[in-house]
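Quick setup: one chain, the form predicted alone, written in structure tokens, and binding and motion questions come after.
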Amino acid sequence: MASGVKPRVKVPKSASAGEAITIKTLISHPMESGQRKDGDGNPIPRSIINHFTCTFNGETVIDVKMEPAISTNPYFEFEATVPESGTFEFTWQDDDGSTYTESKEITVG
């Protein structure tokens, strides 16, 4: 796992049934494209988060494939409709095989 990689997620703690909520995610990651060189002229190896998914109670909410042109510390904001109480699961996959996860629960009342 790359050092300093940290996912952050904001999900409301509660919502009404059928309400569309806003979810915000950010992962601290350098997102090195593999195109730059270090101070000695050597290529810096590619290292990016290449896939992001969010599920709610096992159902896919969003599924994103990322390419090297994406910025450092990728941020996603999206809406999801919550039919019932449950858990959002967030997963980021890195080129090096590392997987970073976060989960947030929401109560529908």
Partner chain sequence: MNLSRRDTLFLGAGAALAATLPMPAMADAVADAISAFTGGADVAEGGVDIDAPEIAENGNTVPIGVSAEGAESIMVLATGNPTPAVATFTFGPLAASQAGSTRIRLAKTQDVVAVAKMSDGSFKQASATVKVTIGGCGG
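The shown structure was predicted, so the numbers you read here are calculated from the model rather than taken from an experiment. Positions refer to the first chain, counted from 1.
There is also a form predicted together with its partner chain; it is not shown, and the following applies to it.
J.: Using a 4.5 angstroms cut-off on non-hydrogen atoms, would Ser33 count as touching its partner chain in the predicted complex?
T.: Because a heavy atom of Ser33 falls inside 4.5 Å of its partner chain in the predicted complex, the answer is yes.
J.: Does its partner chain come within 4.5 Å of any heavy atom of Asp40 in the predicted complex?
T.: Taking the distances in the predicted complex, the answer for Asp40 is no, it never comes within 4.5 Å of its partner chain.
J.: Might Thr81 be said to contact its partner chain in the predicted complex, defining contact as any heavy atom within 4.5 Å?
T.: Answer yes; at least one heavy atom of Thr81 falls within 4.5 Å of its partner chain in the predicted complex.
J.: Looking at its partner chain in the predicted complex, which residues in 60-82 have at least one heavy atom within 4.5 Å of it?
T.: The stretch 60-82, when checked against its partner chain in the predicted complex, contributes Thr60, Val61, Ile62, Asp63, Val64, Lys65, Met66, Glu67, Pro68, Ala69, Ile70, Ser71, Thr72, Tyr75, Phe76, Glu77, Phe78, Glu79, Ala80, Thr81 at the 4.5 Å heavy-atom cut-off.
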